[in-house]
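Presented as structure tokens, the chain that follows is alone, the form predicted on its own.
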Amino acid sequence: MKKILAGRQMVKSFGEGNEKRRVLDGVSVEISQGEFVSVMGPSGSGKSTLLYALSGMDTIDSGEVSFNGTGLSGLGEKQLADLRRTDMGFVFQQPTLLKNLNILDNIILPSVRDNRKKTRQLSEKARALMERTGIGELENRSISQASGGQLQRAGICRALMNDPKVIFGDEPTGALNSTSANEIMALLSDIHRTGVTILLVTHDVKVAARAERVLFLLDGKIAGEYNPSRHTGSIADLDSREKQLRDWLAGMKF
């Protein structure tokens, strides 16, 4: 299967002098087109740093990162920004929505910046995505008139506006209650089934269990990899996957 994301011997440090710490310590990872991969690990293990490195949101000190065969280190800031905008979608723990815009306008805003003459078409696409994600009736509401789960759905709509090849999620359910978290993960699973690659950072076993692979980071290194189909014989049984993942995590030394 074609590799869409690859990082080789990635090193990233923060701090200076005696305070300098390697957050990524020679990490190598490959993600195939259409895969759903979760990244877990204790706080400070490098989960978010790995996501930012693979998406080109942050530079690395050494190593290589490539997206769809293109090395990111050879791209300028504008090229990187264009790549992230056209081929990548991002869903964060707290959606960054503007208070002075309604939900529909928040969804189309990043796309309108590039297609000012296509606002009508973009609005139609956004409405279709809102219907698909169950928030079709909220287009004229302000963000203060929507729940956290609804705002996260709006964030997912915005991430899908340019038909990305990959969606990056950094704790997308971290600020939600269990019901909303389950709904968001069911939605992301549906999106994955359309062929979109998903890379998700999470501390939640229920969230990670939906992935096809789980990478476990510890002290800046990949300390283990969990593949549900190898443990349960089927990736369709969520309850079995969650139980097996919990058992596997219990055996990790950290």
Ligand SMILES: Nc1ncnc2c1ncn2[C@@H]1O[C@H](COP(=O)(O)OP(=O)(O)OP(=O)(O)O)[C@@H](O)[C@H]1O
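Here the structure is a predicted model, which means the values were calculated and not measured. Just count from 1 along the sequence shown to find any residue number.
Absent from the display: the form predicted in complex with the named molecule. The rest refers to it.
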{"query": "Residue 44 within 4.5 Å of the named molecule in the model of the complex, heavy atoms", "finding": "yes"}
{"query": "Residue contact check: residue 203 to the named molecule in the model of the complex, 4.5 Å heavy atom", "finding": "yes"}
{"query": "The named molecule contact at residue 23 in the model of the complex, heavy atom, 4.5 Å", "finding": "yes"}
{"query": "Distance check, residue 49 to the named molecule in the model of the complex, heavy atom within 4.5 Å", "finding": "yes"}
{"query": "Which of 35-43, 189-197, 205-213, 66-74 lines the interface with the named molecule in the model of the complex (heavy atom within 4.5 Å)", "finding": "35-43"}
